[in-house]
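This document starts with one chain, in the form predicted on its own, laid out as structure tokens.
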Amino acid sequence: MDINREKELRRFDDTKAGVKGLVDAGVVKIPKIFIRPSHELAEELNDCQINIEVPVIDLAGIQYEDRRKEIVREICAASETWGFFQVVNHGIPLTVLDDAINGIRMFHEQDPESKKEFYTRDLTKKVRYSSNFDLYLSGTANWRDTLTISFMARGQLKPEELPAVCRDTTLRYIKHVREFGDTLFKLLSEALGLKPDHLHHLECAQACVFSNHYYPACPEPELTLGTSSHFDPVFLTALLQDQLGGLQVAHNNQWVNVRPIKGGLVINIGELLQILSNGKFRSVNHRVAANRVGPRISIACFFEGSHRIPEKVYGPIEELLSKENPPRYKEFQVSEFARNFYRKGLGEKSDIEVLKIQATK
């Protein structure tokens, strides 16, 4: 790493104030560590963003057999063609969603000294606040701060470990979204032609990580990103975003804006579920644009699977395989896949490529 760049990174990191600290200091030019390489910026000028919609799936009436079959078909189609969809009428009260967003806003906007006790780069900490988990690994820092909350198993985290300012609202949201996650995995099991509890028995939802992002207004949004393009190294992601927008999904080699829907949740297929489905479902590239207005707040729930010891080995689901549909991926362990992801910065080549089985003639 360039010595001057490393000094800049350390200087920024040592403030423990994140990007929010830069904005509070009144910066009008973003520091060099956030500026994307010139070739990326040149490519961006030629990229077109198209105004088509990510599929929106209404879950109303899911308790009725005919309607449930229709919902399953819609989820299957979206998972195969987009890898992303939004859900509405999912059963989580709007007040819970709004309170969760407001709670995360309050955490990030409280007195800097109150946040510093949670500031760490130790990924083993269950509750940690930082700016850019990959700060020293990525080529370019992102315009984003994050409060991360990890659950390796249900009930493992004590309430008093969470910041007081957002404790109640966050725990309430976590309870609801984990319950909704169980519903999602049932629907996805059915979309694969399996019994509703198949993915549940594989413990795909056992461990969860909640990334509570804060994207401050950026004085030069055209030079940086809120989150670099990447694939999620998990089974499934459920995202709650505010109404500002900025999330973009790669579709047919173009960036598509994911329009915020009041009360909606964005769902995307993770790389691990792509492997389990033997490629039937797609994990796709996505990113978050920086914005001149803000802050933007989002809460991503990453369903990571089983971290039990001895570790569970995952691979393409046997019931989906046949002579005509042989396994396309090798088996893997969740922790190994995660370790490989955290060894490099966002935007680097996906590790799913390493697990692909080359077809023989």
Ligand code: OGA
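We number the residues from 1 along the sequence you see. What you are looking at is a predicted structure, and each value in this text was computed from that prediction instead of being measured.
Only in words, not in the display: the form predicted together with the named molecule, which the text now covers.
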property: Site check Arg68, Val88 and Glu190: each within 4.5 Å of the named molecule in the model of the complex by heavy atom; result: no
property: The named molecule contact at Ser306 in the model of the complex, heavy atom, 4.5 Å; result: no
property: The named molecule contact at Asp134 in the model of the complex, heavy atom, 4.5 Å; result: no
property: The named molecule contact in the model of the complex: Asp232, any heavy atom under 4.5 Å; result: yes
property: 4.5 angstroms heavy atom contact with the named molecule in the model of the complex for Trp143; result: no
property: Stretch in contact, per heavy atom within 4.5 angstroms of the named molecule in the model of the complex, of 170 to 178, 102 to 110, 207 to 215, 269 to 277; result: 207 to 215
property: Heavy atom within 4.5 Å of the named molecule in the model of the complex - the one residue of Ala300, Ile57, Val334, Val54 that qualifies; result: Ala300
property: Among the candidates Val288, Ala78, Val72, Leu184, the residue which, in the model of the complex, approaches the named molecule to within 4.5 Å (heavy atoms); result: Val288
property: Residues of stretch 236 to 258 in contact with the named molecule in the model of the complex (4.5 Å, non-hydrogen atom); result: Leu239, Leu247
